[in-house]
Structure formats: C-alpha cells, structure tokens
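First, one chain by itself: the form predicted on its own, in structure tokens.
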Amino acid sequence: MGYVDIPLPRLALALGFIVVAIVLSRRGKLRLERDLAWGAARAAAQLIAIGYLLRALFANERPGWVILALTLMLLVAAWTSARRIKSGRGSRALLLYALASIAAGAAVALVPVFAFIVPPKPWYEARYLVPIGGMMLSSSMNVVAQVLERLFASARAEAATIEQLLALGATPQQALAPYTRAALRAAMIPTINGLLTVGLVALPGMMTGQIVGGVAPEQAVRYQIVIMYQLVVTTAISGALAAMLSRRLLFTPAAQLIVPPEPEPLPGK
C-alpha cells in the first residue's frame, strides 16, 4: 500500500479553507484577515522549507547532521518558550531555565524509547529521531511556557500572601507550593484528556499519517501508544523542573520574594 500523491494544483485547492475563514472573519468584524493570510503563507513556507531540508537530511544521513538538527530544534523551542512568558523577567533570563527544562523532559522521553522500544538502525536514523524528537520538544516547549507564565503571574497577584507565609517561617518552596500544584495540574490536564479521549474523539496525527502511508493499523496503534506515554512523562518532567527552577528567579538567596514585573501592554493599549 502507498499514499495518495497531492500534486500542486490539488494542494492549491486547500487555500479555499483559509478563504472561508477570512470571509467569516470579515463578515463578523473579527479583524483577523491579515493574521489568517499571513499565518497561512508563513505555515506553507515553513513546511515547504522543512520538507526540502528533511529530504536533504534523509539523503545525507550522518550522526552530526541529525544531532545538529535536534540541537537547533531544542534551541528554537527554548527561545520560543522563553519569549512567550509575559510575566517573568525577560526572555534572556528565562532562556537557560527553559532550555534545561525542555531538554530534560525530551531526553527522559526519547532516550529509553530509542534505546529499548523503537531502536532505529542505525541509531541516528533521521526519519525516527527528527519527527518523534520534534513532538517531544514541542510538548515540552508548551508545558514550560505555561508553567512559568502561571507561576510568575501567581507570584505577582498573590505577593502579599506569599510574603506573609515567608514571614511566618515558610520556605520559598512551601510558600509557592499551592501555585506550583495549580500550574502543574493545568499543564498536565490536556495530556491526560488526550489519554482519555484518544481513539474516541479523534485519531492522533502520527497514527493517521502512518495509516495513510500504508502502515498496518495495529502497528500504527502501537506507535501511537508509545508517543502518548512519552508525552505524559515529557509533560511531568519538563513542568516539574521548570517549576523548581523558577524559584531561583522568584526568591533571593535570603528567601525574599522578587515580585515579577507587570507584563508589557499590548500595542495600542
């Protein structure tokens, strides 16, 4: 079995979906027409570019190139995560913490799988390492950004309560514990919901792609189970490490709270 080829004229028909969304935005006065058009063009350009890059990578598969690709993906994920945090101390201060949290979560999810469950041959086979690695890095990126944003926002909003707890003898970890639990729960809920509804509400993207590409459904299911379980541990590790590291930015060595600054106002506000 093979896949159904999509020639460029048929691909162009997919633009109709964007046109429908733009028309609805215009009629509803949502003012999203420019964002939709720019987003569609940028997504197409990025995906076409990565398609050619992956083809070149697969054709010239070397350990150094594969490691470089994963490293660049990690750096982009860390930088994107740090930039999305509006309530912290700036993306530069957060970059190393985001980098460490994302790398740790992705490593815990990827290394055992590629070593024991789905060992690629050779070990640097790009068609396994790059797509699956990208999924884990993307998940870690979103979790780290969400946990840090919620913690910094909570520390600013509840500064008086946290300082009272510190004055009563609580450690920074104890004073921040309720907000840490809330942030971690919020970060893990989408992954847990995915576990509960996978196969009932929708078929995941990787499983769908494998089935369309001709992989036997039972094998596609096994791969998807592995991916879902990887996402769970990625979320848990990255979120927990991000929460732990955030205390270094929220408290001085003398256990005094550093109240995060207000987020910068949006343009025009």
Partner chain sequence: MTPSSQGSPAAEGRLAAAGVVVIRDGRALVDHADLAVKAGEIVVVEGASGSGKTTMLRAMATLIARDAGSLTLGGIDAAEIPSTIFRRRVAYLPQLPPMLEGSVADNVATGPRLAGASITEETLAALVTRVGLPAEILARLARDLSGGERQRVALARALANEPGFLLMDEPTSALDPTSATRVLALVRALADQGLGVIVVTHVEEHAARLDGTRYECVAGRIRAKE
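Residue numbers count along the first chain shown, from 1. All of these numbers come straight from a predicted model, not from anything done at the bench.
What comes next is about the form predicted together with the partner chain, which does not appear here.
Segments offered: 182-190, 97-105, 165-173, 143-151. Contacting the partner chain in the model of the complex at heavy atom distances within 4.5 Å is 165-173.
Residue 254 belongs to the set of residues with a heavy atom inside 4.5 Å of the partner chain in the model of the complex. For the chain shown alone, residue 72 is not a contact residue for the partner chain in the model of the complex, no non-hydrogen atom being within 4.5 angstroms.
Among residues of the shown chain, residue 160 is one whose heavy atoms approach the partner chain to within 4.5 Å in the model of the complex.
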